[in-house]
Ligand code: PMV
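In the form predicted on its own, a lone chain appears below as structure tokens.
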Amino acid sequence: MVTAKAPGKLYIAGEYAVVETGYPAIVVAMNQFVTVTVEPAVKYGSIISQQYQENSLQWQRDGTRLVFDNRDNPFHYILSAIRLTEKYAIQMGVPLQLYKLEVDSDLDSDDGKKYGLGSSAAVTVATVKALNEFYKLEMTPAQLYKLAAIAHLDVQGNGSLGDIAASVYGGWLAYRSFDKSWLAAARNQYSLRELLNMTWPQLKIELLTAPKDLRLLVGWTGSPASTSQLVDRVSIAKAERRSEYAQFLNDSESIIENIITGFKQHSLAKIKEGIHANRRLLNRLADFSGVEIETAPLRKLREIATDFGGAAKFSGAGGGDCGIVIIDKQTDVSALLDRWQNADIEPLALKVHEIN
């Protein structure tokens, strides 16, 4: 029997721009995990999860047809991860086996609250890691990332895959997405084994060290959001408002590079300044795209944190889920957290997860 786990994540800055090739974001791994256990089976294999047994499906109308959206269904990510890892095993000359695969997640609360910590990425990475160990494939972290990224992209179809990087590498990361058009073409020319050993154009994953005086606070607004659907809607605005979107990308890159410099200089002030600037920029994106990114609860979360000297913004695609605050470790945040709770914002007891 083998067991592997992968942490959830939160985006700190660079959202939406990071889905474009080569544009940077800051992402951090959190100490909540998806755990996957694999053990040999005799007559038939199985996939078991207590959390996912009653997973719901979303659908839309296309004329008289029901069109299902599987991008928020974790089983599709598990199956995609299994299919690709086993394809790699075959290419490595490793015989396939029957097994029982069991999934356990603490990314959501015991009563089913979904916090937006990237469960689809974490379950993809944990499945790949467990099967990598089960089949003794000895993949490097870079190979794990690439295989899990392909598996995730096959289901979701969009996104940056920065959450995959956080689940593989842990800690604070500066992340730039690879060229997905190149990958689509390369998959027709190269084997999976060859792809995992190639340099992917524009992909860059850099570990960062947070300043010692930096504290990260996380608040949950009580309403889950669908990243895939929000990214879809912004993509429509991207096509219709090309010049404004191009300016958004340029401004985002400049802001995130300044935040990365803040990490490298161990400057909390520079990081906080960048968080404020990125939030203003993302609100500008919301204005010209017509997509509600910073909801009223997320705005309240931010305003309360700002009163205590914190730099705050929504995390990820927005539209609900979590907000993050960068604040000085010396600041007494008890009153801040009390005000959050009075505003129906749930403080989450999360810490950064470093992978040694």
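Residue indices: 1-based, along the sequence shown. Model, not experiment: these values are computed from the prediction.
Although it is not shown, the form predicted in complex with this ligand is what the next lines describe.
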Self-check item: Per-stretch contact check against this ligand in the predicted bound form, the hit in 327-335, 299-307, 314-322, 40-48 (non-hydrogen atom, 4.5 angstroms)
Solution: 314-322
Quiz item: Among Ser160, Thr85, Thr221, Asn278, which has any heavy atom within 4.5 Å of this ligand in the predicted bound form?
Solution: Ser160
Practice problem: Heavy atom within 4.5 Å of this ligand in the predicted bound form: which of Leu183, Val155, Val231, Ala89 fits that? Just give me the one. | Solution: Val231
Quiz item: Is the gap between Tyr11 and this ligand in the predicted bound form 4.5 Å or less for some heavy atom pair?
Solution: yes
Quiz item: Does this ligand get within 4.5 angstroms of any non-hydrogen atom of Ile345 in the predicted bound form?
Solution: no
Self-check item: Contact of Gly116 with this ligand in the predicted bound form (heavy atom, 4.5 Å)
Solution: yes
Quiz item: Quick one: is Trp340 in contact with this ligand in the predicted bound form, heavy atoms, 4.5 Å cut-off?
Solution: no
Practice problem: Could you list the residues in 14-49 that come within 4.5 Å of this ligand in the predicted bound form, counting only heavy atoms and keeping sequence order? | Solution: Glu15, Tyr16, Val18, Val19
